Each structure stands twice: as C-alpha cells, then as structure tokens.
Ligand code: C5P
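Shown below, as structure tokens, is a lone chain in the form predicted on its own; questions about how it binds or moves come after it.
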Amino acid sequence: MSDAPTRPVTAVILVAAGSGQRLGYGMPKAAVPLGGDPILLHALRGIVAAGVAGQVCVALPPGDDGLRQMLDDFRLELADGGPLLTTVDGGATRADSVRSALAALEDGTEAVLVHDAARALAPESVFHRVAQALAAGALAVIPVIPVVDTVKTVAATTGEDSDIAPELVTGTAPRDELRAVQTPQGFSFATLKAAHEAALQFDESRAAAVTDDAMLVELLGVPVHAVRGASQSLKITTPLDLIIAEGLLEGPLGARWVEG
C-alpha cells in the first residue's frame, strides 16, 4: 500500500497573467493593491475558503518575482490539509495560460474550475454551486447573472459620417434570454483538455473570437449548464471597477457575504 497522500479530484486554475494596462498602475493586474493586499491574494483566499480544490495552479506573468514571493509567503499561511499550490508561466493569451496550467495539474484530477484573479471577490457560494453541478454529472458549468441593461446589436459604419455615428444599431437582443458570464467556470478535466487541444488547430481570427473556456467547450458540442453567479464577482478591469471593489470590501459584512 502506498503512503503517498491522496488529493481531492478537483483543481482550480487561477489565471493571473494579465498586464493590467487599463488599470494604469504600471504593474501586472494581479499585483495591484485592493484593500491593502494584492488582487491575487484576495482571489487565493477566496478559493481556499471555498474548500473545493485539492490543487490551485496559478498562471503568473513570466519573470514576476514579486508575485512568486507573495505565493511563497501565502503557502506558509495555509493550514495543514490545504490545497497544493503550484505555478506556471502564463502565455501570450488567456487560452495559452489555461493550457499551460492544465498540463501542470496533478494526476487523477477529474474536475477543473477556471477562475480569473480579476474576479477576486467571488463568494464561496459560487464556487460551491459550480462544484456541485459538476458532481451531479454536468460536464461544463458557468456562473451567470441576469443582464439588466438593454443590449443592442450594431454594425460598424465607415465614411465621412463615421465620427458622428460610428456604429449603426441593427437590432435589440431579447434581454430575458441574456446572461452575463462570470468565473469560476467548471469542467470535467477530459472535456476541458479536449476543448483546448481542438483550439490549437484554430486559425488566428477564430482563436481571437473565443472569449472564455465555455465557448471552447460549446464548439465541441458539449452542453454548458448555468448556475447563479453573484453581483460582487465583478471583473476588476478599469479604475472604476477597482473603486467598486474597494467599496464592497469596506461594506458592513464584506464582499464575500453579499449575494444577488
């Protein structure tokens, strides 16, 4: 009988290799401070608190020693029995980063949650809903929230009037059928691996059109299921997003306890 410890069958890939140019801090987005700590640290604490992962594999900006040192320090915070924390160098695209992390997951991994570090305040309940749907047999699961704005389809215009009316409205999407997609997105390991292997054959324009892992799985013809997300799982992309996230942290109950 082997004395090697067994690990849970679910891993979380945390994508944290973004440049953060739109935030304007002159550093990778994962290192930008939020409530006194780097965005990445908030995301990691949320994953560990959710308790769904046997391994957390973080895709980091290549050569960023500061974030790697932060992860080394975070390992010391983990209690006995916490998830295995590993890192890979992120790639030129988000898909490249996810593929690198997939290749670094432990043998025996059966389910994978892919999470954006930029959604650092995602509550534990969202992780639980995604993981539970996978455990119930779904091969792909995404958290979503209703779209509250009216959404128009448009066509770009050209010519002398393009500065006045740069786009032409072509229709109005039925809002009751629309959902805004968040992370973590959950998949069976085999499904996500097959989707990323298939994407290696995409030409440049087709690859650029893919915006998340669920879309890759859809292209395989695999059904994608939706569970309820949370409004505080906002993606921190702009300075305004960062201000909103700071406000959530300073709220009376804290961001992870707010639902809706």
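Since the structure is predicted, the reported quantities are computational estimates derived from the model, not experimental observations. Each residue number is its position in the shown sequence, starting from 1.
Below, we refer to the form predicted together with this ligand, which is not included among the displayed structures.
**Student:** Residue-level contact is defined here as any heavy atom of the residue lying within 4.5 Å of this ligand in the predicted bound form; does Lys235 satisfy this criterion?
**Tutor:** Because a heavy atom of Lys235 falls inside 4.5 Å of this ligand in the predicted bound form, the answer is yes.
**Student:** I'd like to check something about Ser97: if you look in the predicted bound form, is any of its heavy atoms closer than or equal to 4.5 Å to a heavy atom of this ligand?
**Tutor:** Heavy-atom contact with this ligand at 4.5 Å: present for Ser97.
**Student:** Would you check, heavy atoms only and a 4.5 Å threshold, whether Ala11 touches this ligand in the predicted bound form?
**Tutor:** Looking in the predicted bound form, residue contacts with this ligand do not include Ala11, since no heavy atom lies within 4.5 Å.
**Student:** Is it the case that Leu134, even though its partner is missing from this view, gets within 4.5 Å of this ligand in the predicted bound form, heavy atoms only?
**Tutor:** Output for Leu134 is no: heavy atoms all beyond 4.5 Å of this ligand.
**Student:** Among 104 to 112, 87 to 95, 167 to 175, 123 to 131, mark the stretch whose residues have heavy atoms within 4.5 Å of this ligand in the predicted bound form.
**Tutor:** Only one stretch passes the 4.5 Å heavy-atom test: 87 to 95.
**Student:** Let me know which residues along 94 to 133 have a heavy atom within 4.5 Å of this ligand in the predicted bound form, or say none if there are none.
**Tutor:** Heavy-atom contacts to this ligand in the predicted bound form: Arg94, Ser97, Asp116, Ala117, Ala118.
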